[in-house]
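What follows is one chain in structure tokens, specifically the form predicted on its own.
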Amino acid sequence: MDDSGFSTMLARLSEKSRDEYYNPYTKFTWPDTVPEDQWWMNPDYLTVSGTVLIDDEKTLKALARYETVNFFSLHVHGIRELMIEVAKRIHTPDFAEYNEYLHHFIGEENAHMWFFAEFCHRYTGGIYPEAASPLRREGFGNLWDDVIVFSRILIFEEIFDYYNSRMGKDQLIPDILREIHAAHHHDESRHVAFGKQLVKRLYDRALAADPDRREEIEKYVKDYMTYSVRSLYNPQIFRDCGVGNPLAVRREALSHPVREAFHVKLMTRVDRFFVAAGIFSTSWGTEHVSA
């Protein structure tokens, strides 16, 4: 295998991480308060957007606040997991060639975890607790475990970058939120570029060594994509904004045709990658039905 292109990309990404480094603890000017009468998330991106499940603007603005807390909480929990998994692999023989960039990666993700949590603790009383995942996290065999870990990371990054890239330019939301989204998007563009190349390499290596688990791995990754979408619909956000029967609202929102179409749109970029890389035999989008 000619690794010259991948090595060049790693060197370029490491150089960009060095050149574009910022101190997260001094980067932001934190306001005393964030007005609750402003949209903390553009209403077009709320989990009930396109439905008539909630039509009161005051309630929708409250939902935007709590969805922002949930969104940032998912970041914190997801980043913590990915940092643990990357730290397990750095400076091991199979990942030796990635060491320098993985150090930048861990440093940048640590910064992200801090500023997402800092916003929540300053303005909302803290983050939501982590929900237990129904999906097992390891036990596929070392090579396939690597594929699973970095596929999860890639899915996580692609979902949140979809929102970050849009909220980071959105004049409707408060300045501090726009700045946080923009800072995260700036770093994630590098992480996604690295992640796609790495997942493909790890997959090809695992497939050559153990081809019998291919279908099992495809199913797992697709299930994780579905789980990730569902995590955006935390029933607690509906309770906290005062919606009656929050579990029913969550179910209706998840299964609404407009929302299902949005889920496919949200996942399009990473779905196409998995198909093009040969990891999926069929698109997640063609099979997806909210449960």
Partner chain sequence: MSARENSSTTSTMAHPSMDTVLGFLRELNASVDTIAWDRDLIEARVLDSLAFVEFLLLIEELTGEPVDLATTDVNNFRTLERINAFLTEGAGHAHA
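Just so it is clear, the structure is predicted and the values come from calculations on it, not from any experiment. Numbering follows the first chain given and starts at 1.
The same protein also exists as the form predicted in complex with its partner chain; that form is not shown, yet it is the one meant from here on.
inquiry  = So if I measure heavy atom distances to its partner chain in the predicted bound form, which of the stretches 249-257, 46-54, 27-35, 59-67 falls within 4.5 Å?
reply    = Answer to the contact question: 249-257.
message = Which residue, Asn142, Thr92, Asn110, Ser133, is the contact with its partner chain in the predicted bound form, using a 4.5 Å heavy atom cutoff?
response = Contact residue from the list: Ser133.
message = When the contact criterion is heavy atoms within 4.5 Å, does Asp175 count as touching its partner chain in the predicted bound form?
response = Answer no; every heavy atom of Asp175 is more than 4.5 Å from its partner chain in the predicted bound form.
inquiry  = Within 4.5 Å, heavy atoms only: does Tyr162 come near its partner chain in the predicted bound form?
reply    = So Tyr162 does not count as contacting its partner chain.
ask   = Should Tyr220 be classed as touching its partner chain in the predicted bound form when contacts are defined as heavy atoms within 4.5 Å?
value = Contact check for Tyr220: yes, within 4.5 Å of its partner chain in the predicted bound form.
inquiry  = in the predicted bound form, does Glu216 come within 4.5 Å of its partner chain, counting heavy atoms only?
reply    = So Glu216 counts as contacting its partner chain.
task = Quick one: name the residues from 174-200 with any non-hydrogen atom within 4.5 angstroms of its partner chain in the predicted bound form.
result = Heavy-atom contacts within 4.5 Å come from no residue here.
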